[in-house]
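For reference, the chain that follows is the form predicted alone, supplied as structure tokens.
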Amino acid sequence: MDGFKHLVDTLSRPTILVTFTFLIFFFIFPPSDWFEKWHRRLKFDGLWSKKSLWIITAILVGFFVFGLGDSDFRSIMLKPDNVPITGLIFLLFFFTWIAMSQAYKNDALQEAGLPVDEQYDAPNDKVLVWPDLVYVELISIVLCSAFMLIWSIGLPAPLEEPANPSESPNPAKAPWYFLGLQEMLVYFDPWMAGVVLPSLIILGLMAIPYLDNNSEGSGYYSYKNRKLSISIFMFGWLILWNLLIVIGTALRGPNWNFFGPFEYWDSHKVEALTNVNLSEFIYVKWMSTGLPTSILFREIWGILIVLGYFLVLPPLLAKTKLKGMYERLGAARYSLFIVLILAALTLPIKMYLRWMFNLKYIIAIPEYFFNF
């Protein structure tokens, strides 16, 4: 059992965990034909069957029950603040399974030349507000109130002593719904992590149906007809938001260091990290010279990389890999679409650069409070 716990802690290291999550995600939600081929070869279609639902649920429940036997795991997951996150993991999988199972079922019906479920049931899928809808809502309110009452009695509220400015908690964590933002602050300047990226992620997810307004697959669950849009939405929702919440809840410990779920939260743990800006990499480490006094000359390399990323890469992709998308969306919608995608991808790119090279900022201009 100790060996299994050590294996889980090793796999929970950020580079391994995030890389493995990315690979599994693109195999489950294939956005292109290359991933579609492996998707079918590895039989991921069966992931959305009822049998898979029970198997994966049993694995998750078994893992949590096994973990509760470990004091370190128990101290993290049974903390009153973190209990909703445990429920979030199960609910996230369950509702994703419901939507995707219905999508794959409709795709199979269409291939067989049959109407999809939404079209078949539409004429009879009508209920009266009274008594049908109001009755169901009343029962739901009663059950939800009873559940919250039992929860509040069995799990005390995480109230602590009055705030003491001379003693800060370690780790100091935001509420669970802000843990994703707090994790972004590790890799970006506050203006970028707290304002720009969250806004782009939310606006980008909202804009997907308007940018990709393909009439096929509209009005019913379907994955085959809206493959790219669904993959991008799920990537922004599951990876760029919920995964960061889980990491901030279960894997971030004292001094905001990474800890495995079965690892003791040692407040004296020190990781030797020297975060270096790109300009320092180029001039100090590679050229063995001092930093130029001119801000423009000092940061020119980072500026060129960022401009190339946002100005050169979109038209290059439009001529090569995304030529079909460019022709289908047109110049205006494609430009907005690809800029939103590239902006969202800056988060995982920056995470890897920090973990692998301790790169702090690509453009660092603290004189004017601009860091990117």
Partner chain sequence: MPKATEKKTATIAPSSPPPAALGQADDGSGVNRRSFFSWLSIGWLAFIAATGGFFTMMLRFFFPNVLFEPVQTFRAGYPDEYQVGEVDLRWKGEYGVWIVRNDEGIYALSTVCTHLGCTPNWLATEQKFKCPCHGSGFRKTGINYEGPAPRPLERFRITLSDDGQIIVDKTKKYQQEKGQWGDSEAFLKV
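Nothing here was measured: the structure is a model prediction, and the numbers come from that model. Positions refer to the first chain, counted from 1.
If you look for the form predicted together with the partner chain, you will not find it shown, but the lines that follow are about it.
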{"query": "is_contact(Phe369, the partner chain) in the model of the complex, heavy atom dist at most 4.5 Å", "finding": "yes"}
{"query": "Non-hydrogen atom contact Leu291 with the partner chain in the model of the complex at 4.5 angstroms", "finding": "no"}
{"query": "Residue contact check: Tyr264 to the partner chain in the model of the complex, 4.5 Å heavy atom", "finding": "no"}
{"query": "Ser71, heavy atom within 4.5 angstroms of the partner chain in the model of the complex", "finding": "no"}
{"query": "Listed residue that, although the partner chain is not shown, lies within 4.5 Å of it in the model of the complex (heavy atoms), from Leu185, Ala108, Ile300, Ile282", "finding": "Leu185"}
{"query": "Leu273, Ala112, Met287, Leu296 - the one with a heavy atom within 4.5 Å of the partner chain in the model of the complex", "finding": "Leu273"}
{"query": "The partner chain in the model of the complex - contacting residues of 55 to 83, heavy atom within 4.5 Å", "finding": "none"}
